[in-house]
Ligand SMILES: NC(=O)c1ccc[n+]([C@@H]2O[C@H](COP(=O)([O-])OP(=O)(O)OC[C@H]3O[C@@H](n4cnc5c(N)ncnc54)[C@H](OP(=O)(O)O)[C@@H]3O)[C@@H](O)[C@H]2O)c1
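Let's start with one chain on its own, the form predicted alone, as structure tokens.
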């Protein structure tokens, strides 16, 4: 099927959760989903910023339903916040998909730790999303119960009605493919390494999740996507969401050959989340790598290494205390599909 990121398939009746919804890629992913008729649970750390983002969507998508967005306070660097938010989402029922987008791009110059004692970039970008995806697995499996583990058509769910989780990777994993043998960077911390390792871990966990979901026949697809080189200075100005300075506009536009807007950067993420043809274990990004329409791509070798992924999975389980309920999710799906 031909995919038009400006005209998505009808998503009426679908429910998605997007982390980091108040700005950047997360905001534009939410706007695109709402335009297609979906109901979106928008999450962010700050209530005022979240309110501003929801107001922007109401202004820019005036024909959206009154309940097209719902607010959810969620800080992925805080495991208590993750558990609380996940419990709230599970209480809403089935969830069609979660976009694991929130994160720190500009890492601190010196190593900092979270309230849980973890290095803040790794915690925010990788550990929090690992915990959230695990806590939401049964809700995602409910949505996918009619479709089967590979995303086919079910008796009532329609083509592609499979629960889906999308992990946001980065071009940096190919530029400097560090092996995260010390993912918490207790030694040798640098801002760049902290960011890159967190994104390598995020992608590796996403691919490992797909392997394990298939092993247990859970009807949930795990996909990894990246936004290319997306900058705020090439992004439409939106009050309360994106308000770049003139200097930012000027410097970012000098990179027009390589860069694109955050709005376009959200395209691969949204396609990975909603396209019925996308399958678990795939990697999606802009056509040229840094910009362009979304295409299926090949992820950095280190992110596809099962040994690296298994090691990181063990680290994440230990750090978060979350064990994904694969068997319960599989049994839930089977029970729902036979009723």
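Since the structure is predicted, the reported quantities are computational estimates derived from the model, not experimental observations. Positions refer to the first chain, counted from 1.
Note that the form predicted together with the named molecule isn't included here; everything after this is about it.
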Going by a heavy atom distance of 4.5 Å, is residue 186 a contact of the named molecule in the predicted complex? no
Quiz prompt | Contact flag, residue 180 vs the named molecule in the predicted complex, heavy atom cut 4.5 Å | solution = no
- Query: Is there a heavy atom of residue 199 lying 4.5 Å or less from a heavy atom of the named molecule in the predicted complex?
  - Reply: yes
Q. Given that the partner is absent here, does residue 102 sit within 4.5 Å of the named molecule in the predicted complex, heavy atoms only?
A. yes
Only hit among 287, 49, 35, 60 for heavy atom within 4.5 Å of the named molecule in the predicted complex is 49
In the predicted complex, the residue from 296, 45, 311, 304 with a non-hydrogen atom within 4.5 Å of the named molecule is 45
Testing 69-77, 212-220, 134-142, 90-98 against the named molecule in the predicted complex with a 4.5 Å heavy atom criterion leaves exactly one stretch, namely 69-77
